[in-house]
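Taking the form predicted alone, here's one chain by itself in structure tokens.
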């Protein structure tokens, strides 16, 4: 038979999903690999979805999303992110934040274009590049996982089309400081580039730091594609609803691409998102405090055990090095799953500069984290 797709064949299966497959059927597994909050989706959000289904809202939704929801997102962007948009022109609903990444790539890149990212970084950025003919240029992060801004500037060529930011960051937990952001913005404007900014963890930020959306800064809205989702703030990863915010020209292109690929997003689920955006954000305060407590616990335990580790400032991940134990991140991940029943993601899936690292998600209850850290301690003593 004739060849199947060379492009898609080059992409490996998700290393994170492979962990889930290994854990299937084992009741002793503690997962530190999954990137989703462990608190329950608020009842009012679920009820919004149920009510929509009872009203027989089961047909195609408007391609860009239900107007009521788009208006609420516009209001959220104005109040929380200081981004001034028109809901009719600048917002489109997506099937989760991952789909928004795909739409961003599809709308601005041509084959041969280059995208610069700090590495390590979220795995989808790499393989979306492969699927759309984009060359992803990795710039190694500094030891504290902050971006190497000089390195980013030096990596720019005449083929560079865009930079990509994910802050707070998955997998490192780094949070971009305002002075760093302004330097990157200056580079974007100076070199006439686009900026893709993934802000799904904007509410998970610690140590007194604040999140600033690049699109809110002078001269940046027309250059920026802002990506976000309902999944992390409302613990609704299964709703598969995200959104992209950009200039009218880019949103128009995204709409075309969406029409001919997935046709739209889940209609009834959008009414759950509507109820979510009507909620008082104060519900998240208790959640935030819990995650901050877990963050500090995991960081301190890893240091006690002997890991070289950077304290995370945001999201709900921590990325220790395995160098002190003379083992690669991949070997560590495979062996501890088999011997101790702890699912941890190897750092190698997050880029070329993290083969000696592992990514731990602390988005699980404290008792399980305590047991997981004990198992990790026992494991490294036997290495």
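Since the structure is predicted, the reported quantities are computational estimates derived from the model, not experimental observations. Positions refer to the first chain, counted from 1.
Separately, the form predicted together with a small molecule exists; it is not shown, and the next lines address it.
Given that the partner is absent here, state which listed stretch (278-286, 96-104, 260-268, 208-216) has heavy atoms within 4.5 Å of the small molecule in the predicted complex. Stretch 96-104 is the one.
Site check 35, 201 and 317: each within 4.5 Å of the small molecule in the predicted complex by heavy atom: Yes, the whole trio is in contact, each within 4.5 Å by some heavy atom.
Is residue 232 close enough to touch the small molecule in the predicted complex, meaning at least one heavy atom pair within 4.5 Å? The answer is yes: residue 232 has a heavy atom within 4.5 Å of the small molecule.
Mark residue 240 yes when one of its heavy atoms lies within 4.5 Å of a heavy atom of the small molecule in the predicted complex, and no otherwise. Answer yes; at least one heavy atom of residue 240 falls within 4.5 Å of the small molecule in the predicted complex.
Check residue 291 for me: does it contact the small molecule in the predicted complex (non-hydrogen atoms, 4.5 angstroms)? Outside the cut-off, so no.
Should residue 118 be classed as touching the small molecule in the predicted complex when contacts are defined as heavy atoms within 4.5 Å? Flag for residue 118 set to no.
Among 109, 194, 307, 125, which has any heavy atom within 4.5 Å of the small molecule in the predicted complex? The residue in contact is 125.
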